[in-house]
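First, one chain by itself: the form predicted alone, in structure tokens.
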């Protein structure tokens, strides 16, 4: 049962993308990219890390 609890981490990116009004802004910019774009790109990387974490913790005995 405890291994299944780690799967709830996969809800984090879903919630982060849930309402575009939260991140549909131009400022603050990062390296010239508007917030809207770098926020989404950041979540691509974070989601990959979360998936790898869930897989690793799910295989742990």
Partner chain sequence: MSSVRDDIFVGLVVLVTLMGFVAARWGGANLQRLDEWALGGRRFGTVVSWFLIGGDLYTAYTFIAVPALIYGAGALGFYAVPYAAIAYPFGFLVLSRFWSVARARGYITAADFVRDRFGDRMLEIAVAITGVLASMPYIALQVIGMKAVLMRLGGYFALGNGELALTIAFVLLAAYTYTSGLRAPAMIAFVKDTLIYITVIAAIVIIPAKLGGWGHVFDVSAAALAGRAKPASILLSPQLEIAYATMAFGSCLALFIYPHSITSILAAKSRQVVQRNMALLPIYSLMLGFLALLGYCAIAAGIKTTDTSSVIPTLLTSYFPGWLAGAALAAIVIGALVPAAIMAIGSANLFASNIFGEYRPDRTHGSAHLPRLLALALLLFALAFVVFVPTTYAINFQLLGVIWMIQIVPAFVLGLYTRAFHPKALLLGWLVAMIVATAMAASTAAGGTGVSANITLHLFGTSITAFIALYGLAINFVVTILASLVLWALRIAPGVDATSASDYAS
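Please read these numbers as outputs of a predicted model, since none were measured by experiment. Numbering follows the first chain given and starts at 1.
The discussion below concerns the form predicted in complex with the partner chain, not included here.
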{"item": "Partner contact for residue 55 in the model of the complex: the partner chain, 4.5 angstroms, heavy atom", "value": "yes"}
{"item": "Heavy atom of residue 28 within 4.5 Å of the partner chain in the model of the complex", "value": "no"}
{"item": "Contacts with the partner chain in the model of the complex - residues in 24 to 51 whose heavy atoms fall within 4.5 Å", "value": "24, 25, 26, 29, 31, 32, 33, 34, 36, 37, 40, 41, 44, 45, 47, 48, 51"}
